[in-house]
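Heads up, the chain below is alone and in the form predicted on its own; it's given as structure tokens.
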């Protein structure tokens, strides 16, 4: 028997496996190729393209108003955020002044959407790690938001809730008191979520120190939104480049310090509290007046190009549009989606962690593949 024969049977080689695109914890058709040394992740490669739908190309054959429907299908759990970012980009190119009342209502809708999106994130993230009860609680409160959207625009998922120049309609009679009642309920229920998770020892073990990234590294890799603010970087488009009515409504930016999965959880919870405060102030200060500017029936922006960004629940969502000045469709439209930009940090976040931690880290990024594979 050769001297090394007995030892070789215990040697291990790096193993390459696929996680997804069918894996339920990859939150859609995401394929991650993991290189493993036992249970430890040595490296990861994010493979995109399984869902690609060509939304950007489709916009070249739709008029400017019809494109609002396509933006609904990007981040389909935060449709109103994409609606708002797109119409404001066109308004910027056309130099349209949106009525003040419309800007306030847009702010209310955007923050309701932020809450709905964060509820989906929190419930699914907790369920990935094993806390099923939180998922049921979060969807319970999300239904209340969907009821409000349905009463406002007739839809519960893809809203088509904005128009170039303002809003499709004013708020229905009795809608604002319902919004305030929802805020009271949600504020109370946030305490329930925290009671179940924040000091839960299993939650702490699965999130503290997992997927940590410094502020400098987060900026370098292109993180945005709560994933960036969890690393202590106070970047928020609502503050830095105000839109809608955010320049008139005070609120605080939630930031973390450790840049790990636990801090990103705390940041989003605080963001939900801030959203409730923003909604209340917007409702209380809602001005009278029209909700639609005077816009030509046939929208044809002047020749030129522009970029405009909003703070969606997942981070900075921006639209670049180019107009030739002649067509009723964009010459070119490009989306800057936060899920796509945040996903490029995944290999850096998972290296050195266990396979089970990959699930928690994918959840903490909060991706929707609709805006990744546009």
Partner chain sequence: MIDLIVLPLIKIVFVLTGVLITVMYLVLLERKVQAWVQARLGPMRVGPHGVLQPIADVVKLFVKEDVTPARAEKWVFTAAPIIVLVPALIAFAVIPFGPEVNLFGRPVPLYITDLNVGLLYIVSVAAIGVYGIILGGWASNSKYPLLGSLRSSAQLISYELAVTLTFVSVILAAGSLSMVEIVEAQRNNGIWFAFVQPVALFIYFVGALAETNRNPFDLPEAESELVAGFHTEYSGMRFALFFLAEYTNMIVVSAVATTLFFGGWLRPFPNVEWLSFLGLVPPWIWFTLKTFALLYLFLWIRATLPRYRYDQLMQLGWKWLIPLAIANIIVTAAVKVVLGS
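Bear in mind that the values here come from a model prediction, so they are computed numbers and not experimental data. Numbering follows the first chain given and starts at 1.
Keep in mind that the form predicted together with its partner chain is missing from the display, and what follows is about it.
- This chain is drawn without its partner chain; in the predicted bound form, the residue among 129, 115, 84, 279 with a heavy atom within 4.5 Å of it is 129.
- Just one of 191, 202, 220, 139 comes within 4.5 Å of its partner chain in the predicted bound form, counting any heavy atom, and that one is 202.
- Although the partner is absent from the chain shown here, none of 61, 163 and 324 has a heavy atom within 4.5 Å of its partner chain in the predicted bound form.
- Segments offered: 202-210, 176-184, 285-293, 239-247. Contacting its partner chain in the predicted bound form at heavy atom distances within 4.5 Å is 202-210.
- Residue 169 falls outside the set of residues with a heavy atom inside 4.5 Å of its partner chain in the predicted bound form.
- By the criterion of a heavy atom within 4.5 Å, residue 39 is counted among the residues contacting its partner chain in the predicted bound form.
- Not displayed here, its partner chain is approached by residue 133 to within 4.5 Å at the level of heavy atoms in the predicted bound form.
- Contact check for residue 269: every heavy atom lies farther than 4.5 Å from its partner chain in the predicted bound form.
- For the partner-free chain shown, 354, 356, 357, 359 of 345-374 come within 4.5 angstroms of its partner chain in the predicted bound form, judged by any non-hydrogen atom.
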